[in-house]
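Below you will find one chain, with nothing else, as structure tokens; this is the form predicted on its own, and questions on how it binds or moves follow later.
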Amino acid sequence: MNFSDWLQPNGLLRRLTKRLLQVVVTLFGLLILTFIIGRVMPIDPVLAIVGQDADQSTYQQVYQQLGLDKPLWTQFFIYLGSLVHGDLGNALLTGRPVVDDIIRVFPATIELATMAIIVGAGLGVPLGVMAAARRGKLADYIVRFISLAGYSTPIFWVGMMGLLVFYAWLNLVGGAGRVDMAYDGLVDNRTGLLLIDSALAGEWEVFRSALNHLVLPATILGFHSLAYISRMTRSFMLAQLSQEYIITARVKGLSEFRVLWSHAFRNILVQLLTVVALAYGSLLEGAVLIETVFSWPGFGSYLTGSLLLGDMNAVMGCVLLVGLIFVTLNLISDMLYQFFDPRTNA
């Protein structure tokens, strides 16, 4: 697609307006659904605050302070008004605003998920291409077995076995947490990404310790996403390798490398954008088990603790963030899809 076409008033602006409207509608629907679920769940937010031993007068006071004595639609519009002003309420777990808590814990998950998607996409895409190119041969069966293992093996079990073997027995990687206790708090929190913060501060010992702790959980998460990415890459490539233009390229005497990577792979690149984007979104919100096993102070651990405590302010804030992540990634991948493949434009 010609880039200048996207700059026309009826090009980029029209598509952006349409997609942004879809985003707003989707997020508003998610907001309503999240609010209703938060109100009908069998968890008493008042008891979570005052405790089981509080008297009736204290209970009623907190009940009214939370606005639970008002009609449901009134509660929703109060919550919506607070949300517009960036107020998600205070978290019971920490006593701080939910927004501040999410800003504090989310960078740790971003660091973990980003390293994991580098592993997953960096290995999954070449493995998927190789499996498609050698369909029905040993390499294909090996890649499919790896993909099946990644799907079927419980990730928390892999995490525990990884800690047992590579940390406890072989001492090749760091253990629980983001950094060794001796280095905790030595680096100023600029971005929340410990690798970047330690590099900016010139604390290379902290950097090595953080990287040592990051390798194992990121690799395990990456293995899980590798299974999905390699499977989808193989499927996309098989569809392309049966096309007539591939046969023509081979008849012309082009090398197999050029046929695979310059012709077939280039035509599935747009589809892979969506696959990788959704896999990255899944890693951002689906790292709960790995964060629990490795005591990783990230978004998943925060959400789990909030659920166990019955902290609906924090849970609703986390759910909205997850929805925003997926909608945004879908929007970006969809816009890139239309930019690189004009056939998808309506």
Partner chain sequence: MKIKWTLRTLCLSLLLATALPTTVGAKTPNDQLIVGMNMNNLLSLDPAAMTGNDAVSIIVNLYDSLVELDPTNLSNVLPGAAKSWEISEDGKLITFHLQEGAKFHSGNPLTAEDFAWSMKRLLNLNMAQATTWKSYGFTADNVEKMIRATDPLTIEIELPKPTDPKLVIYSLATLGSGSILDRATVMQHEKNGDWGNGWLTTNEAGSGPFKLDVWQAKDVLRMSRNDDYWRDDAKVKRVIFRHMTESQALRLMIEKGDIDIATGMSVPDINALKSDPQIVIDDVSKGTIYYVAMSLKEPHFANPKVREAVRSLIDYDGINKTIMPGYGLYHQRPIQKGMSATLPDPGYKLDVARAKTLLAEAGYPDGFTTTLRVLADPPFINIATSVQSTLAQAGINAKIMSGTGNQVYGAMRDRQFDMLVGRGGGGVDPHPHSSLRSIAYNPDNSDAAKLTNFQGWRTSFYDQQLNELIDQALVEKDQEKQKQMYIEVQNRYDALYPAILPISQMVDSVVVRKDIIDYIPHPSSTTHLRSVYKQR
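None of the values given here were measured: they were computed from a predicted structure. Think of the rigid core as the biggest set of C-alphas that the two forms share within 1.5 Å after superposition. Numbering follows the first chain given and starts at 1.
FYI, the form predicted together with the partner chain isn't displayed, but the following is about it.
Here is the short version: of A54, L33, L68, L27, the single residue with a heavy atom within 4.5 Å of the partner chain in the predicted bound form is A54. For the residues Q243, T153, S82, S255, the 4.5 Å heavy atom test against the partner chain in the predicted bound form is passed only by S255.
Heavy atoms within 4.5 Å of the partner chain in the predicted bound form map, among the stretches 265-273, 74-82, 156-164, 227-235, onto 156-164 alone.
Proximity of T191, V327 and L336 to the partner chain in the predicted bound form is absent: no residue of the three has a non-hydrogen atom within 4.5 angstroms. The partner chain is not drawn, but in the predicted bound form it has a heavy atom within 4.5 Å of R104. In the predicted bound form, the partner chain lies farther than 4.5 Å from every heavy atom of G86. In the predicted bound form, the partner chain lies within 4.5 Å of some heavy atom of Y59. Contact annotation for A168: at least one heavy atom lies within 4.5 Å of the partner chain in the predicted bound form. Residues from 217-234 that approach the partner chain in the predicted bound form with a non-hydrogen atom within 4.5 Å are limited to T219. Once both forms are overlaid on the rigid core, the distance between the two CA positions of Q60 between this form and the one not shown is 2 angstroms or more.
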